[in-house]
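The chain that follows stands alone, in the form predicted alone, written as structure tokens.
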């Protein structure tokens, strides 16, 4: 098995060398060896690990969570149910954010409609006092 240099791993995984170093520091990459010159050397499966980490991050997992999960796996303790529970919580958080954004969107649509009406009734060059209407709507 030929070990890879850090730049080779970074290029193959589509990330920066600094990202690889950071992943090593936080413990999500562990199979790192040093050659006689002190260069980091990684097994080929590291590229897939980095891709998996990147995908997990896009789903909302944190590096701390991934580090804990990978430690459990390395210790022979299957973290599958914990991973599933974490993903379930992340879905709930996303749904909460979507609900909040939907509320903000509806408020913006109403506000813009109200402002359009006000601007139609405001002579050119006159103040429409749009921001002041925000206070009226909260009363």
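Small disclaimer: the values here were computed from a predicted structure and weren't measured. Residue numbers count along the first chain shown, from 1.
Keep in mind that the form predicted in complex with a further copy of the same chain is not shown, yet the notes after this line are about it.
Next on the checklist: Just to be sure I understand the contacts: of 48, 35, 31, 64, which is the one whose heavy atoms reach within 4.5 angstroms of a further copy of the same chain in the predicted bound form?
Outcome noted: The residue in contact is 48.
Next on the checklist: How about residue 26 - does it come within 4.5 Å of a further copy of the same chain in the predicted bound form, if we only consider non-hydrogen atoms?
Outcome noted: It does not: once a further copy of the same chain is placed as it appears in the predicted bound form, residue 26 has no heavy atom within 4.5 Å of it.
Checklist entry - Is there a heavy atom of residue 90 lying 4.5 Å or less from a heavy atom of a further copy of the same chain in the predicted bound form? => result Residue 90: yes, in contact with a further copy of the same chain in the predicted bound form.
Checklist entry - Does residue 78 reach a further copy of the same chain in the predicted bound form, with heavy atoms at most 4.5 Å apart? => result Result yes; residue 78 sits at the interface with a further copy of the same chain in the predicted bound form.
Next on the checklist: Does any part of residue 17 reach within 4.5 Å of a further copy of the same chain in the predicted bound form? Heavy atoms only, please.
Outcome noted: Looking in the predicted bound form, residue contacts with a further copy of the same chain do not include residue 17, since no heavy atom lies within 4.5 Å.
Item to check | Sequence-ordered list of residues in 102 to 129 near a further copy of the same chain in the predicted bound form, where near means a heavy atom within 4.5 Å | outcome: If the 4.5 Å heavy-atom criterion is applied to a further copy of the same chain in the predicted bound form, 102 to 129 yields 102, 104, 105, 107, 108, 109, 111, 112, 115, 116, 119, 122, 123, 124, 125, 126, 127, 128, 129.
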